[in-house]
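Next up: just one chain, as structure tokens, the form predicted on its own.
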């Protein structure tokens, strides 16, 4: 038994230079470095045919099959890239004879949400809120919730800047119990609701993502978790325009990502209108025209992200 447990650890401790050869498809993957590990296996940066790819490997074959089915389901959502592309699914037999399941995904390169906002400005916050809510709505309509939504599972890729999901391991069928979560983002941990897989569960985590980014760190729940959350929300200056919709999401008052997206969009438009009105008092006609062009550009950019 001890030897079996030790050998299983190989899957989460592959050394750079290790070569994984698929048992059924025969494709070869050269392990470059470890990207992360969770409750179900580990993810590595690998190389195949000179191209980078993310390879997830585990001894938990059944759980891996579920994740593969999730990626396949996300790939069928019309007109959107909700998760990374699935490239290969296979088994691997280690030199010691242990059998593992693995799948290979598109390797996404980009910046964390926090570092992107720090370098490009907090005005992007609203853009990413709308885009993430759009993606969550498509996911929920397909019968799933993300479950383990957190900053670590989000990446900003360029051309154009867009949030992508990098790990769908916590994705759960609507109506079931959340199978994987991280305490800080989990409404059950905060005493703000159940761990039932439903849209409102993801929307609570959505707020926690932006609270984490705004404060630059996670924080303790204190003796009164609900009061702590509202206090932290009130203290987050970059979230002031979206405060009311975010409070409603913390309270579980949204049953649809679409409704929340509409209210976030209304908050953005209200803030933009107030800012434009203030600026117009001090601008010449030429500057007003330039400002109008800039505003139109922002609108078209948002449309390109969401549709």
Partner chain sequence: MRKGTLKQILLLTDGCSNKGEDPALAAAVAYEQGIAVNVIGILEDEQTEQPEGLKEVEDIALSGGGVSQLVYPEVLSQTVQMVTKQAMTQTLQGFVNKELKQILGSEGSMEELEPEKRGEIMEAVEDMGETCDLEVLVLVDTSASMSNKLPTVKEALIDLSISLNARIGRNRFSIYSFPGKRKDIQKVLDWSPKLDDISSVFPKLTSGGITPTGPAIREAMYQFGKKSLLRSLRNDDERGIEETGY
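Residue numbers count along the first chain shown, from 1. Note that the rigid core is defined as the largest set of C-alphas that superpose within 1.5 Å between two forms. Values in this document were obtained by computation on a predicted structure and should not be read as measured data.
Not pictured, yet referred to below: the form predicted together with its partner chain.
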- prompt: If contact means any heavy atom within 4.5 Å, which of 175 to 183, 156 to 164, 133 to 141, 206 to 214 contacts its partner chain in the predicted bound form?
  reply: 175 to 183
task: Report whether all of 62, 89 and 188 sit within 4.5 Å of its partner chain in the predicted bound form, measuring from non-hydrogen atoms.
output: yes
task: Taking 4.5 Å between heavy atoms as the contact cutoff, choose which of 69, 51, 269, 262 touches its partner chain in the predicted bound form.
output: 69
message: Quick check on residue 101: any heavy atom within 4.5 Å of its partner chain in the predicted bound form?
response: yes
task: Please check if residue 196 has a heavy atom lying within 4.5 Å of any heavy atom of its partner chain in the predicted bound form.
output: yes
- prompt: Using a 4.5 Å cut-off on heavy atoms, which residues of 21 to 49 contact its partner chain in the predicted bound form?
  reply: 23, 24, 25
message: Please determine whether the C-alpha atom of residue 251 is displaced by 2 Å or more between this form and the one not shown following superposition on the rigid core.
response: no
message: For residue 216, does the CA position differ by 2 Å or more between this form and the one not shown when the superposition is done on the rigid core?
response: no
